[in-house]
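One chain comes next, on its own, written out as structure tokens in the form predicted alone.
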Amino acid sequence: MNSLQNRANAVMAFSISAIFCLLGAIAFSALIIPSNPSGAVALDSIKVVTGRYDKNWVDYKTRNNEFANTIMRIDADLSSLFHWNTKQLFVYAVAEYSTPTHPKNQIVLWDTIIKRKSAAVISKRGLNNKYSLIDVNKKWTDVNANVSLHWNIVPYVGFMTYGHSKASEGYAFPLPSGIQT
């Protein structure tokens, strides 16, 4: 006959195995739930200014660095991404461009965390970039950027999945303020 300890061990082992099988089924079933999110980002204006970066990043060697300020609008309906296994969405706007020295550059312009399905419809106008646009070459000459909306789905259980909207047409960066050609 089995002792009480052996019986408790068998019940716990079976319970833990059943829970892990259930969690695995939840994780894989969340991947096959259909969704059709839509989103678009448009830059209303781009202004390139010359100076030091900002209060958090100081370059004492030169004061001729260029950084860009943008005003954008974001329209997105991400409510179809929310289902029973979605904890939150991490949504961010990305500018992607290439330069002769660096073929692929991506800069996050803006981000937010959405925790409820009711907040998953985004319509923002006149939005300034949240993070500084600074190129590694320190100049924005002859740069065309494509802007798109990206999202990460953070689940309660399972795999984090990613997605993005179609990239907008190229936006040309102007010369810095005060420079004439």
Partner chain sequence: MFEFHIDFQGQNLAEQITQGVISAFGVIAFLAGLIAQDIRLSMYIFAAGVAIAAFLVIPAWPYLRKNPIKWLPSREKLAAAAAASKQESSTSDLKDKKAS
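C-alpha atoms forming the largest set that superposes within 1.5 Å between two forms make up the rigid core. Note that this is a predicted model, so its numbers are computed, not measured. Positions refer to the first chain, counted from 1.
Only in words, not in the display: the form predicted in complex with the partner chain, which the text now covers.
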{"query": "Partner contact for Arg73 in the predicted complex: the partner chain, 4.5 angstroms, heavy atom", "finding": "no"}
{"query": "Distance check, Val11 to the partner chain in the predicted complex, heavy atom within 4.5 Å", "finding": "yes"}
{"query": "Distance check, Ile33 to the partner chain in the predicted complex, heavy atom within 4.5 Å", "finding": "yes"}
{"query": "Partner contact for Asn152 in the predicted complex: the partner chain, 4.5 angstroms, heavy atom", "finding": "no"}
{"query": "Position in contact with the partner chain when the complex is considered in the predicted complex, options Gln88, Asn85, Ser79, Thr99, heavy atoms within 4.5 Å", "finding": "Asn85"}
{"query": "The single option of Leu127, Ala119, Ile26, Ala40 touching the partner chain in the predicted complex, heavy atom within 4.5 Å", "finding": "Ile26"}
{"query": "After fitting the core, Ala10 CA displacement of 2 Å or more between the shown form and the other one", "finding": "yes"}
